[in-house]
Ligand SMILES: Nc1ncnc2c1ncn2[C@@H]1O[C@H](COP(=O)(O)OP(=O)(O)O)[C@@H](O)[C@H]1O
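A single chain, nothing else alongside it, follows as structure tokens in the form predicted alone.
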């Protein structure tokens, strides 16, 4: 999915979250979105997901994520950093996702099994009672099973064990070449495995847009200087 952002601005009362962001990501881009708290990352993600309106131009394959959010929703998948506190059981969550996205529940179960998560055993448990790792595995399974055109991942391996993390990277490597991945992470491992490009935000503006390796080199150099 192609992402085109020109002059994106967003204000919440007196707080300016985005100050004229310009970004172009071709279909199949593997991009890490980084920046400190308050830099505008969350606002930009919410804009792309069609959750908030904005000023400027934001297009996904030529369509507005806000005006055309119903039509685009089936092509997007988002895995949040903090899982929602759902009282519904795992079975109910899976059925809801499957019905909403016209998915076979068995496809979610198949991906979950790759993460060593048995949905049959966990089915009766309230989602909110699952461990952090189990919640993340379920949300990732649903996202991969949906076969999105734009996959947005916010700190996706934070609660995963080593084997689940390796499976996650494997599934990312198997994504169709036209699937665009937007990764929000500060983990060097994730950036090295998943991103070929880094876009850094600071105070609502793009402060860096370039190759991931160049960004990582700059970051490593800054750490060395800070400890001198």
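Positions refer to the first chain, counted from 1. It should be emphasised that the depicted structure is a prediction, and the values quoted were computed from it without experimental measurement.
What comes next is about the form predicted in complex with this ligand, which does not appear here.
Looking at 188-196, 55-63, 156-164, 33-41, the stretch with residues near this ligand in the model of the complex, meaning non-hydrogen atoms within 4.5 angstroms, turns out to be 33-41. Although the partner is absent here, residue 23 sits far enough away that none of its heavy atoms falls within 4.5 Å of this ligand in the model of the complex.
Using a 4.5 Å cutoff between non-hydrogen atoms, residue 46 counts as a contact of this ligand in the model of the complex.
When contacts are judged by a 4.5 Å heavy atom cut-off, residue 206 does not count as touching this ligand in the model of the complex.
Looking at residue 17, you'd find a heavy atom of it within 4.5 angstroms of this ligand in the model of the complex.
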